[in-house]
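So this first bit is one chain, no partners, the form predicted on its own, shown in structure tokens.
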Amino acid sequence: MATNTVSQVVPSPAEDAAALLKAFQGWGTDEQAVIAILAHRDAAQRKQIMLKYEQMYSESLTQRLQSELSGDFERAMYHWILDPVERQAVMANAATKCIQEEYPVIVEIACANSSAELIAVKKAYHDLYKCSLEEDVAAGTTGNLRSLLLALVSTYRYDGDDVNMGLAKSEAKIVHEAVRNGTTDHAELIRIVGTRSKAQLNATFSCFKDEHSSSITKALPHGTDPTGYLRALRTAVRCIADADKYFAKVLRNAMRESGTDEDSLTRVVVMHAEKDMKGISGAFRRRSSVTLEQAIAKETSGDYRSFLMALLGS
């Protein structure tokens, strides 16, 4: 479930547009007024505000926000006001520019979405960039990493709950053979992870653990990983197995003592606040001594903190 709260009585798009313009005027931007409006409107309402603002004032609301805001707050707000599907396409495109470091973005979009949602993201990518997501992923990768990511973004998984236990047991053996052989021949493992339904894969993962007393992610080779393939494979397995638990771990890693990873923190909160953030928050609390809101409040500050807190419903 979503965590952001939408006002029960919402002003018209024209009234919101006028209030935003007022927040931009004067000696300094009234960031709290911007948050009070945009953090409490759903995607359809934000789209209407953007259209009305441009109609009334002959300027892009997106560009005005970018000029009025700054830092992590500006980047978070920029992604928030985008259409949710378009937002994922924009994030995916940015990730393809440095894919060996930003592969989690591609994996999350491919593995956390339903098949229909993934198709919608890829269509938005076509419209925005006049090429396919597959093209850009292929251009930025090689070897097993390319094979894995292409399999993930190209698939159209069955979304149902039906499971074939005989197939799960046989494919758990195939996965084990691939894991034992290092990374030299993972074609069959990639085929399985890239095509089977999430329910079927979870059955396979369970059979693997029952048979070998270890999860697939722990059984994979550790050590040198020059292309990032093994890290991407672990990410895909974890995201498919339990998306809430996976994103909770991303958030914990983003707020380590060594420093806050604002990009990852923003990505998870902004992308999931309207969708399934309550489940992620619950998974975070079960593995942490504090709530997600408490952790973010401690690790962030200023308008950026206020905005994330609003998206979390605080």
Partner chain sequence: MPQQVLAQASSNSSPPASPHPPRLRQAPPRKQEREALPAAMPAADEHEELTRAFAGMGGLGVDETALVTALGRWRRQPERRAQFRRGFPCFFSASAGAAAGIERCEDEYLRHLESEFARFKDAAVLWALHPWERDARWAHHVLHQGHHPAGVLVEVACTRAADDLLGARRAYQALYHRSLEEDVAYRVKDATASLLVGLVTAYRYEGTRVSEELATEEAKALAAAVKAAPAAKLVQNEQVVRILATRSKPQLRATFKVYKELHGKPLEENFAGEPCLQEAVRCLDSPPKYFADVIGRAFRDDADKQAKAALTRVVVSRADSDMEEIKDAYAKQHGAKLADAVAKNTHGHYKDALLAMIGK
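Numbering follows the first chain given and starts at 1. All of these numbers come straight from a predicted model, not from anything done at the bench.
Although it is not shown, the form predicted together with its partner chain is what the next lines describe.
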Specify the contacting stretch among 221 to 229, 96 to 104, 75 to 83, 136 to 144, defined as having any heavy atom within 4.5 Å of its partner chain in the model of the complex. 136 to 144
Can you check whether residue 191 is within 4.5 Å of its partner chain in the model of the complex, heavy atom basis? yes
Would residue 186 count as a contact of its partner chain in the model of the complex, using a 4.5 angstroms cut-off between non-hydrogen atoms? no
Should residue 90 be counted as a contact of its partner chain in the model of the complex, where contact means heavy atoms within 4.5 Å? no
At the 4.5 Å heavy atom threshold, is residue 180 in contact with its partner chain in the model of the complex? no
Taking its partner chain in the model of the complex and a 4.5 Å non-hydrogen atom cutoff, the residues of 117 to 145 making contact are 119, 122, 123, 126, 129, 130, 131, 132, 134, 135, 138, 139, 142, 143
